[in-house]
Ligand code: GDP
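Single chain ahead, by itself, as structure tokens, in the form predicted alone.
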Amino acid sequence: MGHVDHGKTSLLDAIRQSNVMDTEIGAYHVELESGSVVFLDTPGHAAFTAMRARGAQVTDIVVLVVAADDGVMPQTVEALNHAKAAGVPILVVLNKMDVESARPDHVKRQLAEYDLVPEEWGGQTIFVEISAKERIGIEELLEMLLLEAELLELSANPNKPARGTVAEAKLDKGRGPVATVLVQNGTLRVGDVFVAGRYNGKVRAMINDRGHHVKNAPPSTPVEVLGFTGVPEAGDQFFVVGSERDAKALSEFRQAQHRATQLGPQSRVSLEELFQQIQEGDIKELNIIVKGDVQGSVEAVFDSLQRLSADEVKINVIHQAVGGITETDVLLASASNAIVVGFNVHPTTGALIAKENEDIDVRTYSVIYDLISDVRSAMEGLLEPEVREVVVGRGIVRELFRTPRMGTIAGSYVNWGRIIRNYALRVLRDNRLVYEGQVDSLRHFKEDVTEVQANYECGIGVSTFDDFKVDDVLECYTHERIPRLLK
């Protein structure tokens, strides 16, 4: 894991001595004299978070790649927070040591602030200095990985039915449901009957990370498996069973369970139910992700939240950063059963969709006191949520038109939900609030309409605002009264 352009792909290329871009399997197997290592690539961290969210400890060690000339960047912090949330040990690789501007000690000091202290400084984190481009330090890295694996006592028995984890899955037009499976124990063979998540199947074919068809896959082997009855999810447990009848019965039972879970109440933590969960002993720690418009705001919110920790529940800020609330933030919240709070920033469209899918409590504030007051009241059981903002749709401004009656009309494309006339509207520029008002005029072509659905174009007019810009995000919202959930 690591920041963009810090050398993750180059490192994999150097380890395998081939072009990793040639394969789409996403997991790479390296056989060494003293053991095997499988590298799982995590672009965007989405697969890693999804695995963690479903309770699958597919990753034994996180290799955090940091460019020695660039240092700690936003995605570096995101990556190490994902690893900490998963409870997985971290090995740091300082890449690009061949460039003149490399400052390894500076990067070590930066990472020490995040509790990744090098062993030579008295800490417990292994640091390896390499150059993926010049292929320097690769052997030492592999040795350190195998040493760490030995200390963690990572081992597997090949002489038993296979068990593993789904790393990626997709629906292929020509081949049907296909999944990359990491075999973690036992040996997987062509013809084996299996269950993975809610689906079952029979191994029709297996393809390794080099594109070769194989008949069997021992432990620590990633293979693309064909033969699923449906597309499993990243992080689903995969295991071989004795008969097709047993596999089908278990699959049907799990699908029924899944339907019941989807229809039943969700168990995510929310501020409304926090006090009740504290009283019942379900919550000992409230995980929070903080996003803000500037670093000073983020630090102020962080300090205020830290002071709220009490005997009954500890406030744990697992990630803090400047910028809008992103899909990655929501996925990390899902993985860590956290809530997301934003100060003077708002969620992206991807974050709103993920929030609904993952059922995560995302809150935005423009006054720090309100944010702190809400969390304190929730901890004390005094929160009285009477009104909640509900975002109903998002649009993006594509063109601007001038009219005598309404001034500037925003020619917009609705990319999520729906825009409704007379509903509240806010204008966001770079995820920051520019204006709040309401939709006074809404037209689809030349026709006045009451609402416009996603994937349609419309003209939006606001009588008290005409400073629209192309690429502005228009967020349509309303307020709903929510009954008090606490007893």
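Numbering starts at 1 and follows the sequence shown. Since the structure is predicted, the reported quantities are computational estimates derived from the model, not experimental observations.
Another form, the form predicted in complex with ligand GDP, is not on view; read the next lines as being about it.
Exercise. Site superposed, ligand GDP placed from its pose in the model of the complex: open or blocked, blocked meaning at least 3 ligand atoms within 2.4 Å of a backbone or C-beta atom?
Worked result: After C-alpha superposition the pocket is open.
Exercise. For the chain seen here without its partner, which of 345-353, 130-138, 104-112, 198-206 has a heavy atom within 4.5 Å of ligand GDP in the model of the complex?
Worked result: It is 130-138 that comes within 4.5 Å of the partner.
Problem set entry | Of 294, 367, 147, 99, the one that lies within 4.5 Å of ligand GDP in the model of the complex (heavy atoms) | Only one option qualifies, and that one is 99.
Exercise. How about residue 480: is it within 4.5 Å of ligand GDP in the model of the complex, going by heavy atoms?
Worked result: Answer no; every heavy atom of residue 480 is more than 4.5 Å from ligand GDP in the model of the complex.
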